[in-house]
Ligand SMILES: NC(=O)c1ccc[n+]([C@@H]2O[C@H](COP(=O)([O-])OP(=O)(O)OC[C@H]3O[C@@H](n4cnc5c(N)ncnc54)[C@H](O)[C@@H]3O)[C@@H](O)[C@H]2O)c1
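The form predicted on its own is given below as one chain in structure tokens.
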Amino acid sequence: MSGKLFDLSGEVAAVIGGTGALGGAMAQALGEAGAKVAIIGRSAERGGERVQQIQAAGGTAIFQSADAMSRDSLTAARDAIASQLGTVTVLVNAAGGNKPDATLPPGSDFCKLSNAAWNEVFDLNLVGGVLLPSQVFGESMVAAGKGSIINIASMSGMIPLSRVVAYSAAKAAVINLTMFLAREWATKGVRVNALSPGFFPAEQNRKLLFNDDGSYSARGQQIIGHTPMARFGTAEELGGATVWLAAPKASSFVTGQNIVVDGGFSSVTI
């Protein structure tokens, strides 16, 4: 019974940001569970590498170039994927990130944070990260009466972490928009949920968490000390929650939720 619950055969998954470490691992898990996967991003090289990895594991995958900040580009990608794999039934919105100009160094003045830097981070994580892809792919899901949208939020969207104020606020907005869309499409056959990863070392945050010699930075040590499992997560550890939320049988009554994968970080209050 459990195998059938998590079988994604017949599903077509589009993973925006599938060229990154976390999005790529989620795409890999979907492909190995039986979904046909479209890796959407701007790097054909990294997208092609992930496609090869999914195919090597026995899955079906293609790379589709698209700009998540362009409705026309996303619409063209949606139609191209439909012609090659079929109508998308699972959308993973894994594009996003922070910008140096929107990060407050220790001792800096919040009042000096520029509107341009703030807006850039919000556009990256909320507009291109969730809003536009959900509108474009969600339209076809609603028309088909079937679909699962998985947005990538963040631990910082739940707990306003120091220094990354714009990123934290944008991810909090992602969680709110997830809940709105879940309510909006609950009777349309489309489920909308979010995943909030804890601390997963990747290209963007590695220098923040580690020193050049590979040891933990002061911030990395602080995070590890606050995490009951006493380690960072690995990208592959997002796979199980991703497949569960994508599987129409396993999570058929789950919508509007923010699933936390953080090694217990959010359970520690002191």
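All of these numbers come straight from a predicted model, not from anything done at the bench. So that there is no doubt, residue numbering starts at 1 and follows the sequence shown.
What follows is about the form predicted in complex with the named molecule, which we do not show.
J.: Indicate whether residue 41 is a 4.5 Å heavy atom neighbour of the named molecule in the predicted complex.
T.: Contact check for residue 41: yes, within 4.5 Å of the named molecule in the predicted complex.
J.: Quick check on residue 69: any heavy atom within 4.5 Å of the named molecule in the predicted complex?
T.: Residue 69: yes, in contact with the named molecule in the predicted complex.
J.: Using a 4.5 angstroms cut-off on non-hydrogen atoms, would residue 53 count as touching the named molecule in the predicted complex?
T.: Close contact is absent here: in the predicted complex, residue 53 is far from the named molecule, nothing within 4.5 Å, heavy atoms only.
J.: Hey, in the predicted complex, is residue 254 touching the named molecule, heavy atoms inside 4.5 Å?
T.: Outside the cut-off, so no.
J.: Can you tell me which of 175-183, 75-83, 192-200, 103-111 lies within 4.5 Å of the named molecule in the predicted complex, counting heavy atoms only?
T.: That would be 192-200.
J.: Give, in sequence order, every residue of 153-177 that has a heavy atom within 4.5 Å of the named molecule in the predicted complex, or say none if there are no such residues.
T.: Heavy-atom contacts within 4.5 Å come from 153, 154, 167, 171.
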